[in-house]
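Take a look at this single chain, the form predicted alone, given in structure tokens.
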């Protein structure tokens, strides 16, 4: 199938591994899904230390389940990316550990306190849901199929994050102040979650033309603002003065994009941001720590003369 035919046929869940697709499509889809898978893994590693800091056994159990869900999403997405025949799952995991794999800007920033968890679980996962819901109509069927499970579980993560936010913002004055401070620190990063503005995006036009992507970065960002600014205010959070948010005549919102630090964003995008390098080193150490499991499973498979399940990471 040539590229023109792909663009003519592009539609929800249109293509599968049975189709003979051009290299341009397979590479673009692999890049997009690998980025998503890496982000799920790095988000889980960012949040994992806070399982022990959760204030009750119920919070610990719920947070542990969330982290396990995110790891599972990453593995599911690596399989969807692998089905394009460009890179294996092992190559993608090795690239992530070596600093060659890219992932979401929000997961390059360190977390220091439990009050920051709803910034990820409510706002970042909420932003992810805005994008992932549209990807259930992406043209690569294995990716869209994975999104059915991911969106179902992410919906619980958002509710979990909203419950933590509600508890903190109805707690002591100190808890409310700490949550507001965390919100002010994370708010610009969350707005940049959707990537560069449409005029600076180098991948959107092609991805949209072949049905991989359904909405532009700016459209997703504005839809998120329309939904989450009222939610933030509902729980008593004050929207920071910067970046400036404009309310249109119809009650919808848009951000003054010049107020966002795009230099820092693109430094992060190149994996050159210093706190993010620490996250990548952590991922590399984790992968090395389970190498013995991988070796043991591969040894058992060789001894049995067959195949064995691959080690999870």
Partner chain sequence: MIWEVFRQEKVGGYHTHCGNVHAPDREMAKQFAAVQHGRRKPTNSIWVVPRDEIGEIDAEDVAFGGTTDKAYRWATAYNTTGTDAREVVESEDEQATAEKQRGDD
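Positions refer to the first chain, counted from 1. Here the structure is a predicted model, which means the values were calculated and not measured.
Omitted here: the form predicted in complex with its partner chain. The next part is about that form.
Enquirer: Just one of 96-104, 184-192, 158-166, 77-85 has heavy atoms within 4.5 Å of its partner chain in the predicted complex; which?
Expert: Answer to the contact question: 158-166.
Enquirer: Among 135, 129, 115, 111, which has at least one heavy atom within 4.5 Å of its partner chain in the predicted complex?
Expert: The residue from 135, 129, 115, 111 that makes the contact is 129.
Enquirer: Out of 227, 180, 201, 209, which one falls within 4.5 Å of its partner chain in the predicted complex, going by heavy atoms?
Expert: When its partner chain is considered in the predicted complex, the option within 4.5 Å is 227.
Enquirer: For a quick test of understanding: in the predicted complex, does each of 61, 145 and 235 have a heavy atom within 4.5 Å of its partner chain?
Expert: Looking in the predicted complex, the three residues 61, 145 and 235 all sit within 4.5 Å of its partner chain (heavy atoms).
Enquirer: If you check in the predicted complex, is residue 65 within 4.5 Å of its partner chain, heavy atoms only?
Expert: Yes.
Enquirer: Residue-level contact is defined here as any heavy atom of the residue lying within 4.5 Å of its partner chain in the predicted complex; does residue 153 satisfy this criterion?
Expert: Heavy-atom contact with its partner chain at 4.5 Å: present for residue 153.
Enquirer: Given that the partner is absent here, does residue 218 sit within 4.5 Å of its partner chain in the predicted complex, heavy atoms only?
Expert: The answer is no: residue 218 has no heavy atom within 4.5 Å of its partner chain.
Enquirer: Could you tell me if residue 231 has a non-hydrogen atom within 4.5 Å of its partner chain in the predicted complex?
Expert: Residue 231: yes, in contact with its partner chain in the predicted complex.
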